[in-house]
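To begin, one chain is listed below as structure tokens, in the form predicted on its own.
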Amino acid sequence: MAAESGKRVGVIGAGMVGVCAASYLQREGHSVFLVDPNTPGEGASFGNAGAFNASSVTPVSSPGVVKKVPGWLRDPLGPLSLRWSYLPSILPYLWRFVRAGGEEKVHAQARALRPLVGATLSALQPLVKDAGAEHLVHQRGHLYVYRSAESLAKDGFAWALRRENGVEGDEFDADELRQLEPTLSRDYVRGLLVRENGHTSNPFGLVSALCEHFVRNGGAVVRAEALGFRLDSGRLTAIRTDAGELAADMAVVATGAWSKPLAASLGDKVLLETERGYHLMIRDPEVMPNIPTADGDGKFVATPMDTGLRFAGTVELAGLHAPPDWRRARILLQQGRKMLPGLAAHHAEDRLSVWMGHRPATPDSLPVIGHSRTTRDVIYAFGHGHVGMTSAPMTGRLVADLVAGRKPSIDIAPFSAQRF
């Protein structure tokens, strides 16, 4: 039941960010409903690497990365690819992306991200406890591995940025790596373990469990597509959807890569793109790492999950509507077999599954969190890029602060939609 002071709040988007926001709002006595045309958790939350990486303070655009981009783009199956037909559409975004990679800006972006991502497991804990989903969240750390000292040195700026923001990593040599993770290729000679990081062994299962608890507690899920807002003298009265209007005192926009037109309808022109990510899963793998492991050169992650071994990563810039390029998922299998030589050289197709999803990305790798330009009754919570799963719990807390009219528990000024 909603408290006397509780508001009727519509959360648009039922991914990890939306479900965490809805859960925190419900805990404070608001009457909350989720709006999504699809099953909760079936968007970007479904196929990510499952990471809760408190160490994820490194923006995608940084001094070292911008120099590597031309080489990556020349390799059609490298960590970053661009559909050239999409270039005219994405040019303004790419211009801002390059500008965001200046050293001073990157240090400021990392400082802004740390309190958002650093609290991930502590902010998630009460939600998973209430939902009976603690078995889906693990804190074994996150391992970054390199094939040479030179490769690690190339990531030196990123590691310095992490250390500057209080992230500690234990370094391992080749022999120590073997003991820590015996399944890894002997080609890896350096590793860094960030112990504060965690992961979920079933991202879709976790979102589903949180959403089911939300519904058991009186929340509603409306299967509809949000089209805009009805305002009366600057105050929100309803969310407009393809299934009619839904009365609401406040709304939260958490529709990930699809948030741009909703923000534009309120006068906020946000530079938001989709960084299309792929995964490949092996059911019943021959070997599996115990700790989620990231390849420092290939920019992909191997995560042990309840349903098998997931390889996730790469970025493709091609918009929301181009068909998937499944070669980008298949290349993850080739890279994964090099990482984990105990995997079979061939797998039956019925043991493999591939997926593509849309990371909602901004040029400076900072999400959009805060009030809309037109009305304080609509709050933005989107654009989390590579750290959606990680920053969702704290974003949920911040949304609850904003709906209650409290000062947010961390500085959200860097996340303003008006920065564009």
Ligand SMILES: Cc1cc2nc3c(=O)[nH]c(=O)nc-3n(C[C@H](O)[C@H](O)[C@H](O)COP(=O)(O)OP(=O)(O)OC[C@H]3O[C@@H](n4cnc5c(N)ncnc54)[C@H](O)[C@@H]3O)c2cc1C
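Note that residue numbering begins at 1 and tracks the sequence as displayed. Because the structure is a prediction, the values reported are computed rather than measured.
Keep in mind that the form predicted together with this ligand is not shown, yet the notes after this line are about it.
- Only one of 57, 389, 368, 32 comes within 4.5 Å of this ligand in the predicted bound form through a heavy atom, and that residue is 389.
- Taken together, the three residues 160, 184 and 293 lack any non-hydrogen atom within 4.5 angstroms of this ligand in the predicted bound form.
- Between 23-31, 356-364, 370-378, 66-74, the stretch whose residues reach within 4.5 angstroms of this ligand in the predicted bound form through a non-hydrogen atom is 356-364.
- Contact check for residue 191: no non-hydrogen atom falls within 4.5 Å of this ligand in the predicted bound form.
- Not displayed here, this ligand is approached by residue 258 to within 4.5 Å at the level of heavy atoms in the predicted bound form.
- At the 4.5 Å threshold, heavy atoms of residue 224 reach this ligand in the predicted bound form.
- Contact between residue 313 and this ligand in the predicted bound form is found at the 4.5 Å heavy atom cutoff.
- Taking a 4.5 Å heavy atom cutoff to this ligand in the predicted bound form, the contacting residues in 39-71 are 43, 44, 45, 48, 49, 50, 51.
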